[in-house]
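Given next, in structure tokens, is a single chain: the form predicted alone.
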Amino acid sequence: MSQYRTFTARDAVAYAQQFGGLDTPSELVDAQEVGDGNLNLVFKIFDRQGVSRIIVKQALPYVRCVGESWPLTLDRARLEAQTLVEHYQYSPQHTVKIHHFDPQLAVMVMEDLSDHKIWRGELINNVYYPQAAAQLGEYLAQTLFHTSDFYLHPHAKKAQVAQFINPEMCEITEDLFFNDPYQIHERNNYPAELEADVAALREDAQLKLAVASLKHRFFSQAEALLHGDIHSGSIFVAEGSLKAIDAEFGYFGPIGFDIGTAIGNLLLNYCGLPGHLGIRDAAAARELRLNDIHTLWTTFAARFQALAAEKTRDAALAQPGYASAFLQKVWVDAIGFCGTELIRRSVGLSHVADIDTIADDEMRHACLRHAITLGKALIVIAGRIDSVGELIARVRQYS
């Protein structure tokens, strides 16, 4: 912490000149702070022609959206950089490239993705990227398989679990996903009109038992190196391209958590579409979201099984049929974690623009209720949803 200082735009330019890897670093002359997230400073670095060339990202020692009253470890910047470097090793086409990282300053220099757009914004604007779901499934399969016991030697796996211990960021997830929405808490954030719906969550013993089981799995199952926060706001898309960013929640956890978070955010968009497009015009876009969910899971599962058949190093795990059985467990976990994502984004601290930007209050409240109802159902009946087709049928049932 002694060497740490908060960067200004001028600092970011100088740092990019030194570590951006450009042949003519003096061409970098200006910076704009564009961070709109909860945790970090993000600078775009521009050349003399006004073209953005490099990104400089610095972790702040507190939660940006709350302030200095909520301090936060700077080590999350190391964990983010190392997670992205590890994921890039196995999925370079779908992971942002890190050029340089300084743990003392909690700063990283990374690939500029100005030719891409944030997927969440595109989904809200009803701009469809037909390849995105398959590419996300590929990214998840490659990164989660290659950091799992199927691929890593047991010694290497245990060493990496230790390297990627991320207790402070995991505690945020544990609170926001599994604790806050099911109790009265000052961090919760929802319209007063939803008080009865939220009170029902607090009073549902069956739901809270299922959530407790999900939290225990999040605590205890170090299955692979997760991104830890893989939602449509941490994914950039362009025609034919998808890149994952923002992995400061990376740690070794249950594979179903990344899958469930990704599916959950597609369902949050599904819930919010009537508020943006109108009920009638939202129907076609909703079918695209369901198709995205189907493609995401089937791509992930097929690729993971193919990798397992080709590359599994452990003799027991290579037993024919085991990878398939393991994926069924991952699927059940994913449905439960998906449900917690729907609920925490509806009543907890951090919401999503898919619903929050709906102008009409009554429609926004209806979309929030839909997300809460769907999330609650998925958590409770996860074990009875045995396929992605059954999930889609259940989503339609609760629409």
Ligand code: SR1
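All of these numbers come straight from a predicted model, not from anything done at the bench. Start at 1 with the first residue shown and count on from there.
The form predicted in complex with the named molecule exists for this protein as well; it is not shown, and the discussion that follows is about that form.
- Interface residue among His294, His99, His276, His231, judged by heavy atoms within 4.5 Å of the named molecule in the model of the complex: His231.
- The single contact residue among Ala31, Ile343, Cys367, Leu39, judged by any heavy atom lying within 4.5 Å of the named molecule in the model of the complex, is Leu39.
- Residue contact with the named molecule in the model of the complex: Thr357 places no heavy atom within 4.5 Å of it.
- Put simply, Leu194 is far from the named molecule in the model of the complex: not one heavy atom of it is within 4.5 Å.
- In the model of the complex, the named molecule sits within 4.5 Å of a heavy atom belonging to Phe249.
- In the model of the complex, at least one heavy atom of Leu176 sits within 4.5 Å of a heavy atom of the named molecule.
- Note on the interface: of 328 to 336, 53 to 61, 344 to 352, 23 to 31, the segment with non-hydrogen atoms within 4.5 angstroms of the named molecule in the model of the complex is 344 to 352.
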